[in-house]
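Below you will find one chain, with nothing else, as structure tokens; this is the form predicted on its own, and questions on how it binds or moves follow later.
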Amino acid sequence: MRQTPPLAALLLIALGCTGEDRSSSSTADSARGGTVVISVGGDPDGLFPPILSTTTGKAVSDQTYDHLADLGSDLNTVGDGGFTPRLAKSWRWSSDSLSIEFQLDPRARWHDGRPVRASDVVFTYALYKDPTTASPTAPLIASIDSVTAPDSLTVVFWFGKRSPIQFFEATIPMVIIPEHALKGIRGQALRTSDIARKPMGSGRFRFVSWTPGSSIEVAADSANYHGRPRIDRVIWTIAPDPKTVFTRLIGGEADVLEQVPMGDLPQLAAHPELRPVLLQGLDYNFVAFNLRDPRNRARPHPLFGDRALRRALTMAVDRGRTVQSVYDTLAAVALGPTVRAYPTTDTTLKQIPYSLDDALRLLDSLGWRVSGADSIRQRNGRRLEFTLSVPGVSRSRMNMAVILQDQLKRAGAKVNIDRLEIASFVDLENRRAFDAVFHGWHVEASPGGIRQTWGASGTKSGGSNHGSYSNPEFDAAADSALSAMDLPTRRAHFKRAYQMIIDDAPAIWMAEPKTMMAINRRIRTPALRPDAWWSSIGEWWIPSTERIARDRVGPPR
């Protein structure tokens, strides 16, 4: 009988892995060909770029369409130094930095053979901004005043004010789509148009097919202006059952799995043909306190309106042990409302330390005294008791909630865990009808979203600051950071903002999970971008000696 290696052994392997396969490639190995099959758990929410929100949809879109420029693996979104040309072969800033002029690559062609022109970029911007399109990307390009086309290969983005992420906003949120395929179509009709299900872009892969519930296939564009991809085909094989998604990987039917569930890691270790790839994640999770009374939002929450009480509860939680217990080495303790992948994040931020003794002393000083047989503290007849709402779909957050429940009980606080299905959890948050929630954010490549998630502007109806944390000094520091024109200054302002919110303790910052992918070792890859690991698929390759039957099918003619 085969023995499954312990998880710790696997994690030692995982710690040594990166997103890059450094195997050398001989002349024969560099020959083009082969198929990459990616196992995913569901269909995308469409293939029309302005309305996409699923990872699979964005991954397919990024193969078939182009951005004006690409973001580098260091995720530096300040200025244009971290970007490389894509559909735009060059660009030039105006002397006042209020406009950027892009020169399109004259070799670029849509997959129907027509040339890509500046008017396509103008059309794309208008389509993303059109309220009838209802694009979730529209807020990310709100600072762009207009886009003009002085000639067929020149396009100019105009801004109302200077910002360090102007270039990011002009190049990354939008992919460029063909005007001639969509002209005259607006609103809901866009979602049912031919191109919404059969994308036609200028990217290095051409769309081949989409069979809902089964697969999506793209093939190399042999005449692409950036060169033919090294891989012939990319196929996303779809299986709603999580067990089937993993089974296809270990059974050899698929080559890539984006996120290996913790429970399946021992099986991964038992398959040496699979390469674990550990990527720095763009997620963090946390227990958010509601700072306003859910029964009367004009008043502070009877417990969490008190900053000192929030700090005492934070001191009583051993975050390091909790995160290690749930994630092993596949997550770090969260630093605050940010992630380590941002170059603007200072990892020396001073945290509220774990100290049960200090927590007990602080609670005593606040008048919360232990009374009664259950050892729960009380003050003025109110028990130190609250409900923590957790989305049941997140096994890791449920596990951490149970550990927190035990740790806070030792401090004299009673936590009632309310496990909710995801729709109910989201509704509860949107109505602000909770004491505390175990939430998580997946952040964008730029830290600009902090205004919406933790700033005062996000406390309004429809905002994402569900706990209603509000501190004008934090807002000012975040605004200064987001408007700073150089990285050191930006980083310094962010450090001040993050330290302020850590000290205010509107949440207990718990974990910053990493992404554990698995890729068949016959697939060679360059370094993978943490926010979009699929961005380099055109440069993946398979040595000729390691190809299998499906690699020899070749792209459709």
Partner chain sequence: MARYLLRRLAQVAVVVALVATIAFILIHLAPGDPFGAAMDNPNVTDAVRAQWRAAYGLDRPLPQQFASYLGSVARGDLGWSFSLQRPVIDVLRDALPNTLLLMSIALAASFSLGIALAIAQASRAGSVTDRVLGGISLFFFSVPEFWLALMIVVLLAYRFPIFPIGGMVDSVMHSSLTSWGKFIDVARHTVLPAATLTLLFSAVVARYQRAALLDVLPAEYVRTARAKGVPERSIVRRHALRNALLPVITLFGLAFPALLTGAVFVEKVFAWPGMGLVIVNSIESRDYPLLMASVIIGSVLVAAGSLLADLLYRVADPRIRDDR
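The model shown is predicted, which means the values in this text are computed figures rather than measured ones. Positions refer to the first chain, counted from 1.
There is another form of the same protein, the form predicted together with its partner chain; it is not shown, and what comes next is about it.
Contact with its partner chain in the predicted complex, judged by any heavy atom within 4.5 Å, is made by just one of D531, D43, D70, D62: D43. For the residues T345, S355, S97, S215, the 4.5 Å heavy atom test against its partner chain in the predicted complex is passed only by S215.
The candidate spot formed by I250, W441 and S461 lies fully in contact with its partner chain in the predicted complex, as each residue has a heavy atom within 4.5 Å of it.
In the predicted complex, at least one heavy atom of A134 sits within 4.5 Å of its partner chain. Taking the partner from elsewhere, R191 is found to have a heavy atom lying within 4.5 Å of its partner chain in the predicted complex.
Interface membership of D427, defined by any non-hydrogen atom within 4.5 Å of its partner chain in the predicted complex, is confirmed.
The closest non-hydrogen atom of V415 lies beyond 4.5 Å of its partner chain in the predicted complex. Just one listed stretch, out of 468-476, 381-389, 264-272, 74-82, contacts its partner chain in the predicted complex at the 4.5 Å heavy atom level, and that stretch is 264-272.
If you take 232-260 and check each residue for a heavy atom within 4.5 Å of its partner chain in the predicted complex, you get R233, I235, T237, I238, A239, P240, D241, K243, T244, T247, R248, I250, G251, E253, in sequence order.
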